[in-house]
Ligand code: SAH
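Just one chain is shown here, as structure tokens, and it is the form predicted alone.
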Amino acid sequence: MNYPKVILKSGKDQSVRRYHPWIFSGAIKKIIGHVNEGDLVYITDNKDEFLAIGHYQIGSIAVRILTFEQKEIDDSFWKEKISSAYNLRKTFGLAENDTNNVYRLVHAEGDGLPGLIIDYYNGTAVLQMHSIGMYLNREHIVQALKDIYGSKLTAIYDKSESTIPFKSKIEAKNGYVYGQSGEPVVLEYGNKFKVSWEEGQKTGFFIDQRENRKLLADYSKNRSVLNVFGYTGGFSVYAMHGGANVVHSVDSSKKAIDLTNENIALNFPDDNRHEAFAVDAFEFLNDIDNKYDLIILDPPAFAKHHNVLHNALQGYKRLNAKAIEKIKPGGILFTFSCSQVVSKENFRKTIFTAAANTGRSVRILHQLSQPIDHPVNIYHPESEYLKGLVVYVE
């Protein structure tokens, strides 16, 4: 293994010995050999003892670790890692499932592949690389996917244009790297959804809310449901399936609302219980006094960096206070944050403050997180990003 060597400062090797997959730039004593962003590097402590192998990158996180073993990073490595991720999904009934053909195959650090996301949509794998190192290994990743899925894989789409670090010299372009496919209809617990990875947010669908959508269906019977920040209408479809009397979807994006209406029509043709509104969420919430007894708040990340955490928490507080204030007595609120920098404790305290400001009696029914195809690496708590509460409002 003739990789450039990254030597850590004395005492800065402890997080690596605890298997944390990031090395920060301040921990590095020196680098031996010429290294470019995305290169594989061999990491040692200050006494030249091997620690790990990873991808070097420019920035605060200087190395993303791929393995803590001395082994070649070759075709067999990539196939082994992606096969391990696939087998986990298969073991727990996601892969090779007739009623669910959409799932996350690789969840970055959660599956031991920092910087790589792969979502599977009924025969099409959608890739997102968040590091130069992963991007430079596209051919290995594509080959591993073809080997693992065989004829079940019809296309691979690379959607890394907006996720590759902006300071890099690589100009990634979205497009197919294998096969070709149109926008498919996928199945999630038997519900149908049209997915657009070419134009949609992230890889086209928020797979991480699958189990929370299923839970919502159990609470929807005979209720008036408001789905705020509805995107493609996932929660709305499940509310309809659960027997809601009326379901309203709200999103500021007209394109999202159009896709929501398409997904409702796919599952409930000629059903007049649903209506969608392309309006600002906060404005809509101002005028809903006692109209809904089940509200879903699933906003986009209010904070992607710690320096805006305070403003994000204020946004969550204002949003949730409005919903708690306006919901019918006996109402149920499903509320979420997908901001990685917002901890479970911060989120819960924010909902507590929002509830206290309304003066209403509020009880927690469920504390929610991400599903098994978005596993959390126990050595990397940062990979737990989705948190949610289901609360009952008297």
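None of the values given here were measured: they were computed from a predicted structure. Don't overthink the numbering: it's just position in the shown sequence, from 1.
FYI, the form predicted together with S-adenosyl-L-homocysteine isn't displayed, but the following is about it.
To verify the annotation, which of these, 280, 198, 271, 80, has a non-hydrogen atom within 4.5 Å of S-adenosyl-L-homocysteine in the predicted bound form? Result of the distance check: 280.
Consider the chain as shown here, without its partner, and state which of 103, 316, 231, 292 has a heavy atom within 4.5 Å of S-adenosyl-L-homocysteine in the predicted bound form. Of the candidates 103, 316, 231, 292, 231 is the one lying within 4.5 Å of S-adenosyl-L-homocysteine in the predicted bound form.
Heavy atom of residue 209 within 4.5 Å of S-adenosyl-L-homocysteine in the predicted bound form: Residue 209: contacts S-adenosyl-L-homocysteine in the predicted bound form.
Using a 4.5 angstroms cut-off on non-hydrogen atoms, would residue 165 count as touching S-adenosyl-L-homocysteine in the predicted bound form? No, residue 165 stays farther than 4.5 Å from S-adenosyl-L-homocysteine in the predicted bound form.
Non-hydrogen atom contact residue 184 with S-adenosyl-L-homocysteine in the predicted bound form at 4.5 angstroms: Judged by the heavy-atom cut-off of 4.5 Å, residue 184 is well away from S-adenosyl-L-homocysteine in the predicted bound form.
Please run the contact check for residue 311 against S-adenosyl-L-homocysteine in the predicted bound form: heavy atoms, 4.5 angstroms, yes or no? Taking the distances in the predicted bound form, the answer for residue 311 is no, it never comes within 4.5 Å of S-adenosyl-L-homocysteine.
Taking S-adenosyl-L-homocysteine in the predicted bound form, would 213, 235 and 300 all count as contacting it (heavy atom within 4.5 Å)? All of them do, each having a heavy atom within 4.5 Å of the partner.
S-adenosyl-L-homocysteine in the predicted bound form: contacting segment from 114 to 122, 201 to 209, 214 to 222, 149 to 157, heavy atom within 4.5 Å: It is 201 to 209 that comes within 4.5 Å of the partner.
Does any residue in 104 to 136 get within 4.5 Å of S-adenosyl-L-homocysteine in the predicted bound form, counting heavy atoms only, and if so which ones? Counting only heavy atoms within 4.5 Å of S-adenosyl-L-homocysteine in the predicted bound form, no residue of 104 to 136 makes contact.
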